[in-house]
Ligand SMILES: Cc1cc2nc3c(=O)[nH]c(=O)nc-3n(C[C@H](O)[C@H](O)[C@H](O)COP(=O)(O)OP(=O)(O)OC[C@H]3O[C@@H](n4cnc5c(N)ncnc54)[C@H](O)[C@@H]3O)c2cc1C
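Here we start with a single chain on its own, the form predicted on its own, put down as structure tokens.
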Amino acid sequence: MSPSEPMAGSSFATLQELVVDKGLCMLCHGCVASCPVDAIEIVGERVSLTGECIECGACYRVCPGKGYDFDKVREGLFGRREKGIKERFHGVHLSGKNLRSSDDEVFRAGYVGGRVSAVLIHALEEGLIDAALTTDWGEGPTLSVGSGRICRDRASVLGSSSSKYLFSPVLTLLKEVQRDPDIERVAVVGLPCHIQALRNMRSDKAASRYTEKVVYALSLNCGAPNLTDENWRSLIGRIMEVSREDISSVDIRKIKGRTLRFRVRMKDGTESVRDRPLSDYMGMIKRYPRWPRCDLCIDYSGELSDISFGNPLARTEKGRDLLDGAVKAGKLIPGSRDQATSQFAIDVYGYLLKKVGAKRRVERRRRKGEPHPEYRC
């Protein structure tokens, strides 16, 4: 059986036994988004059954944690598989450009050029979408899980701009979108795991209705920096020099160049603010172990998206049209040579970490008889 094909008689119990209990859950929230009776939730950092399972099997079928048939999905999405050295590196794509936002406010709001925000604002202003589904910093007791945002205008896009190294419930917004008569077309911004789950949802009889309004799938490059809640709290506590147990909420924004502003609210209502270089932040993240399943993910650049970011790669024709339209409208302009060089170095690191390193880690687990995802790629 292919990793993404249905399993007869599957239910939440199947998902729990073959994915969750084996440590293969990616916390993409695809199962939550696909459950037709809203019986699944993420409790803390674990997928849990909180209602009555009707044994439809959608949660198991859409789950990318158990593995993925990239070849099959590529054939259906692009009409072909990878070809040439560039596509073995980046995945199937039609074009790639070194771009950044032309708008200073958008440029400053993003970590590296404001490219995603610029594309979303263009799509909203041109009426190509009615809303964009994005991720913002978390508001609940589990700081490692962010919050979803339905952005309908420029201000809301900018309000949730900048990268978040968090697990995201963005796919769960699809149900809210489905019920909203004022929203007919949306763009989903997620990590590679979200896009994998979204593609599975689109091809699943039970879950496809939740994806009917999705016109664009945009992916952020992901070097798998996600941490457990305990480690995330420890990281923020070290940066802010506060007790990790007393942290209530965290917000991190770029304020200039590569400088980040950390704003932390404590449980007693007090607030602390500190500025740190992005390089310091990323260096500290690397000292902590990644979420175990992220360490086995082979998709760095969102290879099943319409457009993926770092430097934007248009993968589908509609993705290319959207990107070209943003350039033609002046929303995106060529980036600097330094930006291109920096992105190339980051891409090489991501390739070695995931397309090379993760495949080796999966193979080692296979040889040892340990739980591992099954890939066809």
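Keep in mind that what you see is a predicted model, and the values were worked out from it rather than measured. Sequential numbering from 1, following the sequence displayed.
Another form exists, predicted together with the named molecule; not displayed. Remarks below refer to it.
- With respect to the named molecule in the predicted bound form, the three residues 187, 211 and 305 uniformly fall beyond 4.5 angstroms at the level of their nearest heavy atom.
- Among 112, 174, 123, 250, the residue placing a heavy atom within 4.5 Å of the named molecule in the predicted bound form is 112.
- Just one of 164, 199, 90, 293 comes within 4.5 Å of the named molecule in the predicted bound form, counting any heavy atom, and that one is 164.
- Shown alone here, residue 223 lies within 4.5 Å of the named molecule in the predicted bound form, counting heavy atoms only.
- In the predicted bound form, at least one heavy atom of residue 343 sits within 4.5 Å of a heavy atom of the named molecule.
- Under a 4.5 angstroms non-hydrogen atom cutoff, the named molecule in the predicted bound form lacks residue 41 among its neighbouring residues.
- Using a 4.5 angstroms threshold between heavy atoms, residue 310 counts as touching the named molecule in the predicted bound form.
- Looking at 231-239, 215-223, 261-269, 177-185, the stretch with residues near the named molecule in the predicted bound form, meaning non-hydrogen atoms within 4.5 angstroms, turns out to be 215-223.
- In the predicted bound form, the named molecule lies within 4.5 angstroms of at least one heavy atom of each of the following residues of 114-138: 114, 115, 116, 117, 120, 134, 135, in sequence order.
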